[in-house]
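What follows is one chain in structure tokens, specifically the form predicted alone.
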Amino acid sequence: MPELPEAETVRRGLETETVGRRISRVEVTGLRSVRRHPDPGEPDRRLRGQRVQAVGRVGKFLTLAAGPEVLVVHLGMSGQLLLSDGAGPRPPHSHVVVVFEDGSELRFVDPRTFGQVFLSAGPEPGRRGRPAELAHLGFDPLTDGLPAGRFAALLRSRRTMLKALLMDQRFVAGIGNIYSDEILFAARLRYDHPASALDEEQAKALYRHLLRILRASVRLGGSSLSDMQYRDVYGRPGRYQERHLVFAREGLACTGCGGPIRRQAWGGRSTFYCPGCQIPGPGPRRG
């Protein structure tokens, strides 16, 4: 599933290519993709004739401001937003297509249909203009500028295991399975280490690694896994997967200690870590 770096890469491409363009129409052929709208014709009626003014992001969600409307996109597990000059056939599973006045298109392609496209009901008061539907999300690491000390205090107030907390979208928006594993390895902390057991120095170091890894991934266009499902708006895969140190590297040698990377089932997902380098928390070890 695309996470914050992938969404930010797409956002930057959209900002470059769509701001200032006027929307001619919106074509919906996949009803599940616009499932928040009982009438699938609503996006076309509300966006037709509007000009894209800004492209934003909150965690994994993308926002396109067009006149008084805000279009929200979540890529889900397999979604792509692809730009086209409008020539040639559309890819299979192009469930929502925004057609611009100049004939170019923004195509929402989603084979597994877990993603979604919807128009926001409006901003949430007191949340810096976030769409109301995204008001429940926690802070965004790349845009909200949370001080390290504040992050440390929030972390130490939670009894949740670290990986579960990093992936809790109500705590921090945008981190999923890939980057939680990479961040925890960089911080030398295990997935099942209780957040409340960290001292001030550990918590601040974790935050530094979190910011460093997310920013590095954005610079390399995000991570495309073996299925190459994730692509940027130009159809290009990311390159940060070449720098993964633990994720999907079961059995390979750890770059730190040389021991094998281990995969552990955790919370219904595969978690990758190094048992030699990453510190377990207090209490019994889980794997």
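Residue positions are given as counts along the sequence shown, with the first one as 1. All figures in this text were calculated on a predicted structure; none of them were measured in a lab.
Omitted here: the form predicted in complex with the DNA. The next part is about that form.
- Annotated contact segment (heavy atom within 4.5 Å of the DNA in the predicted bound form): 157 to 165, selected among 182 to 190, 197 to 205, 210 to 218, 157 to 165.
- Of the listed positions (104, 143, 169, 120), a single one reaches within 4.5 angstroms of the DNA by any non-hydrogen atom in the predicted bound form, namely 169.
- Residue 269 belongs to the set of residues with a heavy atom inside 4.5 Å of the DNA in the predicted bound form.
- The shortest heavy atom separation between residue 130 and the DNA in the predicted bound form exceeds 4.5 Å.
- Using a 4.5 angstroms threshold between heavy atoms, residue 3 counts as touching the DNA in the predicted bound form.
- In the predicted bound form, residue 240 stays away from the DNA, with no heavy atom inside 4.5 Å.
- The three residues 36, 113 and 136 all sit with a heavy atom within 4.5 Å of the DNA in the predicted bound form.
- Although the DNA is not shown here, in the predicted bound form the stretch 176 to 196 places heavy atoms of 176, 177 within 4.5 Å of it, in sequence order.
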